[in-house]
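A single chain comes next, written as structure tokens; it is the form predicted alone.
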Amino acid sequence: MAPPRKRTICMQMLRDQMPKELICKNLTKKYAGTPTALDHVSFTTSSSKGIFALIGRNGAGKTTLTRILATELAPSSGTASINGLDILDDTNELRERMAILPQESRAVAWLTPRQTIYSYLLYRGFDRAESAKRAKNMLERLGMSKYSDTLNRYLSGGLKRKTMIAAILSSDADILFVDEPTTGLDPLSRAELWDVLKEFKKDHFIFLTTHYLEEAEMLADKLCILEKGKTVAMGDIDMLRNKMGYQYSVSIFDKNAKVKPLVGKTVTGHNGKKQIFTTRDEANRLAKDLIEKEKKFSINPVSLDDIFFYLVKKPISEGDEEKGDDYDY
């Protein structure tokens, strides 16, 4: 029998030769007295690099799935692995390779951004010189140098969030779990962070959850839509468009507007807004009809927001209050 150290080295070599994939098999999570948070979630995606975006409404199960994959929460049943490491059997080794930004993370009030990143890196095992260097470089990259030595308690909510993001990015971990990273950021700060994430995804795997569909469409190489604990659709943006089967989206804001029968699919919200997904020719015909009737409408190529609205039948921004029905024209 091989000595334990040799067995460990051999196992590591085998894992390094395996395809880098995130694999979920029937992941289920049930909390006592509440509906099932995750219901037999199964999918496989590359985890060598790039951004995998998990999107869904509040209560869809995004945070639960993220916490399970980040080894913070045990599933009720099912299995998952990342790059050959099982989330339950190889927890310690997996944690050494990942960095996590939970949605509820907060910057310590009596530390500065520089101290926040520096102490985080020390905790991860970097020496003092390397920790100081990485903290300085990351604050510069995020445009936060002038706030380096300001107490977190005096920073805006957006700057506090950027400080926490800077900490995990500075670790240079292979796998990054980022839950709602740009919540609270102004448009300019959000765009700056997008640039950083685009750069990091070139040689890191980033598991991103977000409510901002524009953000997911802008950043993600692959997307997964989660609804009521189940996967509704998964793929890159073109695959999701193909799943819809329509190229254009027409929004009609007059609830009394009547349109001629056309090829397509319509979802109607409780506020009377009609969202029609159709072909280019039918969109052109519909636009002419609405212009003649002087109705307020918009027409655009199908976006991720449209795809989500179509597949889930509810807009992500309106939570559980939307009561829509769908029918063919």
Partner chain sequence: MTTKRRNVFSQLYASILINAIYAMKNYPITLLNTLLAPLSILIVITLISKGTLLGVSIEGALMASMVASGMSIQGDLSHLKNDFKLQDMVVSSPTSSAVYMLGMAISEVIYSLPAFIVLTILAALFIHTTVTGYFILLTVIVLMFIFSISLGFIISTFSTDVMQNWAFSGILSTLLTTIPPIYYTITYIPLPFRYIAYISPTTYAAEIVQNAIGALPLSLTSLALDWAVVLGISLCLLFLAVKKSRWREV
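Just so you know, these numbers come straight off a predicted model, no measurement behind them. Residue numbers count along the first chain shown, from 1.
Beyond what is shown, the protein has a form predicted in complex with the partner chain; the following relates to that form.
Inset, instruction - Please pick, from 174, 180, 217, 192, the one residue with any non-hydrogen atom lying within 4.5 angstroms of the partner chain in the predicted complex. - result: Of the candidates 174, 180, 217, 192, 174 is the one lying within 4.5 Å of the partner chain in the predicted complex.
Inset, instruction - Taking 4.5 Å between heavy atoms as the contact cutoff, choose which of 102, 143, 78, 245 touches the partner chain in the predicted complex. - result: Checking each option against the partner chain in the predicted complex, the one that comes within 4.5 Å is 102.
Legend entry - Candidate stretches 200-208, 88-96, 250-258, 221-229, one within 4.5 Å of the partner chain in the predicted complex by heavy atom: This holds for exactly one stretch, 88-96.
Inset, instruction - Answer for residue 119 alone: is it within 4.5 Å of the partner chain in the predicted complex, judged on heavy atom distances? - result: Yes, contact at 4.5 Å.
Inset, instruction - Report yes if any heavy atom of residue 133 sits within 4.5 Å of a heavy atom of the partner chain in the predicted complex; otherwise report no. - result: Outside the cut-off, so no.
Inset, instruction - Tell me, yes or no, whether residue 125 is in contact with the partner chain in the predicted complex, where a contact means a heavy atom of each within 4.5 Å. - result: Yes, residue 125 lies within 4.5 Å of the partner chain in the predicted complex.
Legend entry - Contact test in the predicted complex: residue 37 vs the partner chain, heavy atoms, 4.5 Å: Although the partner chain is absent here, residue 37 would stay clear of it in the predicted complex, with no heavy atoms inside 4.5 Å.
Legend entry - Contacts with the partner chain in the predicted complex - residues in 59-80 whose heavy atoms fall within 4.5 Å: 67, 70, 71, 72, 73, 74 sit within 4.5 Å of the partner.
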